[in-house]
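As a starting point, one isolated chain is supplied in C-alpha cells, in the form predicted on its own.
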Amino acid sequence: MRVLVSDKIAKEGIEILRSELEVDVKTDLSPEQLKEIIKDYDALVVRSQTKVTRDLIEASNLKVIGRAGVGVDNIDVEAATLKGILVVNAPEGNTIAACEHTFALMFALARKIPQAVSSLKGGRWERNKFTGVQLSGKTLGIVGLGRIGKEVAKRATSLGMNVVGYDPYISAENVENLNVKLADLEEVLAVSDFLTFHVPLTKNTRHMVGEEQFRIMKDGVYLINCARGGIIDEKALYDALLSGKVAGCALDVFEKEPPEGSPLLSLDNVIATPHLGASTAEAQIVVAEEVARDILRALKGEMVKNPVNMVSIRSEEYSFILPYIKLAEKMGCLYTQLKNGRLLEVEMTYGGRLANMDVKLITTAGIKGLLSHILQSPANLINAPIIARDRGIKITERKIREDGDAPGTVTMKVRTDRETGTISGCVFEKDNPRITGIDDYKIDLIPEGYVLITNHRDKPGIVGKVGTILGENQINIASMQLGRRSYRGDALMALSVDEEIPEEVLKELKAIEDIKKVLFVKL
C-alpha cells in the first residue's frame, strides 16, 4: 500500500504512516503533476492547499483520502463517494486551537490591539484614539454549535458574556449545560453585540450573511470569522464596514486565499490573519496523528474514527455495533446467493439494544452485502446507499424496543420481483455473530466460509445420504444445522464445509430423492 502526502503535515503523522506503509511526501505539486502520479497511490493525505477535484479522483485508484484538519471544501466529497473512496478528516484535533484563536481575534478587535501596536511602532502615542469596548456584559452570538462553537460558548460565559446560538442541527438538551440560549438565525443576528461563525462551507452556508442579514444586525456590531471564507459575502461586509453598521471585523479566512487585492484589507476597522485558526504546534501534531491512524484503519479494512462520507459510530457504541456490521453484510451476501430476482425493497428490523442506537451503518453493511454478488465492481460502505438509490431499491428501518438489556437482533426482509424472504441474525457474545433464521426456519449458523444449504422433506436418511456423498468426495463437514417447519414437513439444512464443492458433486446431491433444492454459497 502506498500513500502520497501532498501538503505539509507534522512529522509525527508521517511516522505513523511509515510504520506500516510506503509513504511519499511530495508537496507543492501542480494539479497536472498530481494527476499524472495519483494512479500509483492507495491513499492521499492533504491539508488545505491541494485541491482534490473530480478529475483527480476519476484518474486515481485511491481507497481513502485524508484531510489533516476539519474542513473538506477542498475535496470533491461527492465524486469520492460515487467512486467508493472513503474521505476522513480530523475534526477534534484543532478544536481548542480554533477556539483560542477566535478569542485572540475577539480581544484584539474589541481593544484595537493591532492598530495600537502599529501606531506605537510608528512613533506615536495615541491613547485616546484606541479606546475599546469590554466583553463582559455583551451578547455573543455563535452561529454553529459544533465542537468549536461549544468550546467558544464555555469560555464566553466565563468572561461574563451572554451567549445566544443558532444551529439547526442541535437540540436545546445538547447545550443545556453551556448557558446558551438557542434561537433562530434572525434573532441571533438582531441581539448580538459580537458575532462569531463556526459552520462548514456548504451550498447552504455560502453567503449566509449578506445585505439582508446585515440590515437585521445591531448598529456597531463586531464580527469574527475563523471558520471558512465564503460564509460572509465580502462585498456586503465591505459596505457594512464603510457605513458603520459593522464597527469592526476580524477575519482569519477569505473567499479567495490568499486575499490578494481584497478591499477589506484597506480598512482600518478590519484586522486579519492568514488562516491561522489551527496553527498551533499542538494542533498540527494531533490532526496529523488522527488522520494517519484513520488512513491505516481504512487500508486494513477496519472501521475508521472520523469518516466524512460514511455514517459514523458514537464511541460509546462502537464495540457493540461493530460485529453487527459484519453480520449484516454476511446476511445480505447470503440472501443474494439463496434468492432470485431484481431487488426492489429492503426492510431492516432491529430489536434489543440495537433499537436504541443509530443503526444506519448496519443497514448500509446489509445493502453492501446484498449488492456484492450482483455488481461488476463491488459496493462498499461509502457508495452502497447511492447504488441502491440509483437502482430504485427502497430501504426502510424498523425498531422494536424491548424492556431490559436484551441482545441486539437484526432481521433483513427483502422483496424482489420474484419472491420475498427474510434472514435473521444475532451476536451472542463479542465478535461472535450468528445467522439465526432463514425465512421461517430456525438455525444457528456461523456466517463464514463455505456453506451447503438444502431444502428437503424431513424424513430419515436424507442427512446420511448427503454426508455420504460429501465424504466420498473428500469434502469435510465442519458443522451442521437443521431447521424444520413441522414434523416430517419441509426442512432446511446448512452444512459448513472446509472445501469448495464441485459442480458434479452438487448434481449428485440434487439427485437425492426428496431434496428440493441444493445451493452452495460462499460467505
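Owing to the predicted nature of the structure, the values given are computational and were not obtained by experimental measurement. The numbering used is simple: start at 1 and walk along the sequence shown.
Separately, the form predicted together with a small molecule exists; it is not shown, and the next lines address it.
Colleague: Please run the contact check for residue 114 against the small molecule in the predicted complex: heavy atoms, 4.5 angstroms, yes or no?
Modeller: Because no heavy atom of residue 114 falls inside 4.5 Å of the small molecule in the predicted complex, the answer is no.
Colleague: Would you classify residue 484 as touching the small molecule in the predicted complex, given a 4.5 Å non-hydrogen atom cut-off?
Modeller: Heavy-atom contact with the small molecule at 4.5 Å: absent for residue 484.
Colleague: Is there a heavy atom of residue 94 lying 4.5 Å or less from a heavy atom of the small molecule in the predicted complex?
Modeller: Close contact exists here: in the predicted complex, residue 94 approaches the small molecule to within 4.5 Å, heavy atoms only.
Colleague: Using heavy atoms and a 4.5 Å limit, would one call residue 71 a contact residue for the small molecule in the predicted complex?
Modeller: Close contact exists here: in the predicted complex, residue 71 approaches the small molecule to within 4.5 Å, heavy atoms only.
Colleague: Where does the small molecule sit in the predicted complex: which of 389-397, 275-283, 117-125, 332-340, heavy atoms within 4.5 Å?
Modeller: Looking at the other structure, the answer is 275-283.
Colleague: Only one of 465, 63, 35, 47 has a non-hydrogen atom within 4.5 angstroms of the small molecule in the predicted complex; which is it?
Modeller: Of 465, 63, 35, 47, the residue with a heavy atom within 4.5 Å of the small molecule in the predicted complex is 47.
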